Ligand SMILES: Nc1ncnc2c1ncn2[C@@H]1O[C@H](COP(=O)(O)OP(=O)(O)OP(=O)(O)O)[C@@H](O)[C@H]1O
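Here's a solo chain for you in structure tokens, the form predicted alone.
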Amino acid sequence: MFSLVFKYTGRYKTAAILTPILMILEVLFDVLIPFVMSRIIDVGVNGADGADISYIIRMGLVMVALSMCAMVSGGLAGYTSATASSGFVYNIRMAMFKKINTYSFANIERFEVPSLVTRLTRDMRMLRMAYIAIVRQLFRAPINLFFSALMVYRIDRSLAVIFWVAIPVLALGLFLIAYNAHPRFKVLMKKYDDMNGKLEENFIAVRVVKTFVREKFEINKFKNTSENVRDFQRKAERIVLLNDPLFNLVMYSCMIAVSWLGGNYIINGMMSVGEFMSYLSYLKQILFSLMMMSSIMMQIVMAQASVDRAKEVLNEVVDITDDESDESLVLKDGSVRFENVSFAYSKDAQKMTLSDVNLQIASGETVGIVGSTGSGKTTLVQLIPRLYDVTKGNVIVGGHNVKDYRLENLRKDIGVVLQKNVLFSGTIKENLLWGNENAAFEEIVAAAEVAQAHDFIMSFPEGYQTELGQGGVNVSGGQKQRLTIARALLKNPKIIILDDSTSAVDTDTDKRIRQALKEKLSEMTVIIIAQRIASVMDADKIIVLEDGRITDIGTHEKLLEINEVYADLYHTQLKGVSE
């Protein structure tokens, strides 16, 4: 916890340093108040010459001044602690978000999205509460305890022995509670991840849920998950709740002991009433300090699970980096070459997803890739922009190994339209500008025309200023695909990869998109993954993948003659229909 505090407080260090200083001032003012009160009783009220009203008024004003100073110090400490804690959480959240954005696909898959969301939200709230406890109470409580104990020792040493017995008992109890609570809170955080995962899945698939009338099933599933969280929360917090009974036992034991011994001291003339009253005030401050320290310990214990999870994100070793790349290297053309490439998603995989792939694509070629589901088509093209790194072999793009480029330089010249089309909240124009934020409106229109998106965009009353809902829910699947193609084209890439990205458009629109790409962007290398033979039959060459291996490469006519799988697909999809 403390390592994160020191590292990520950043430019909020002034507020973080001022907070304990102000808390110390508040403690000093608070500690002096019982002493002044004892003087009022012993000198002003029970003095040798009777009550001294002027002395009582003067000392009363001193008490008021001390109280005001304590209040101001405490108020300022509240402001500075809020500033420092919110700044700390901002810094660490931004550091985590930046680190996540450097993750490869493999890194993200290891954490899962719901878990990352929980770590950036609920875990950060836990850290903020613990941070406030550290910069405020962790300094205030021990100092208050020290000065109050010092005053108690000054008044009567024999009564002070009570606290030297009570403090170790309380410390041992807190240690045992913390030791057993921490692992339970780590499990609880994972249960929250599972619950968020179920929520995300349900909200994304809400249309499917309603179509299949599965609301009751989903409600019951969420109920089970939520009950699981509740049960583990009870299990974790059950131990923490022992803190209050333990503290109350120690506190009331001390008060009984002090009251009994102090009362005897007053009867025997060994202590004045004023001293006893101030002693009780210091006793309350000592016990309050102990209570705060126990509360801080519990807060830190509960936050430690969140600290561990934040460190996991920050310390994750990123699979794909460009630390040793050539910063000046850029793609000179859109040529692609695979040299004995093999790939597996995990190091201990028993079977390769791709095996011994050798492939040459010339710059400006249009290449189709077909194959059955699970044959490795998407995996193959994801190696080109280095979304994954090869397990064996080399991927050469633009005459250089992809590992020689900086990731930014490599990916800015490769347009990728993935199977899952993603649009963002905002206008159509804002979404298209993801491809090139500095593009002129004429360039946006030109890209949309090639993607056959311009006409339907202009059919909306707001045109390119039409607001898209989250994920583009207010456009059809085919429209969404055409918008994502236009967005990729706006990058003006040397290579564009269309991963089954016209599956939701009709065959006529699909054909017009391919024709526009060939006529207006003839220098661009186009790689098309498709389930429909019609989408690739005009390609310069077609690659047939089966079980992670290239079985044949050739034109449409050639593959009809030599490849049974391709011929089968063609006859099933086109020949049979025409007949």
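Every value quoted in this text rests on a predicted model; they were computed, and no experiment measured them. Don't overthink the numbering: it's just position in the shown sequence, from 1.
There is another form of the same protein, the form predicted in complex with the ligand; it is not shown, and what comes next is about it.
Student: What stretch, of 224 to 232, 455 to 463, 196 to 204, 368 to 376, brings heavy atoms to within 4.5 Å of the ligand in the predicted bound form?
Tutor: That would be 368 to 376.
Student: Tell me, yes or no, whether Q419 is in contact with the ligand in the predicted bound form, where a contact means a heavy atom of each within 4.5 Å.
Tutor: Flag for Q419 set to yes.
Student: So, in the predicted bound form, is Y265 in contact with the ligand at a 4.5 angstroms heavy atom limit?
Tutor: No - in the predicted bound form, heavy atoms of Y265 and the ligand never come within 4.5 Å of each other.
Student: Using 4.5 Å between non-hydrogen atoms, is Y388 touching the ligand in the predicted bound form?
Tutor: Result yes; Y388 sits at the interface with the ligand in the predicted bound form.
Student: Within a 4.5 Å heavy atom cut-off, is N91 in contact with the ligand in the predicted bound form?
Tutor: No, no contact at 4.5 Å.
Student: Of S335, T509, T353, S104, which one comes within 4.5 Å of the ligand in the predicted bound form, counting heavy atoms only?
Tutor: Residue within 4.5 Å of the partner: T353.
Student: By the heavy atom within 4.5 Å rule, which residue out of E109, E237, D244, D308 makes contact with the ligand in the predicted bound form?
Tutor: Exactly one residue meets the criterion: E109.
Student: At 4.5 Å, heavy atom to heavy atom, what parts of 336 to 352 sit next to the ligand in the predicted bound form? List them in sequence order, or say none.
Tutor: Contacts from 336 to 352: just Y345.
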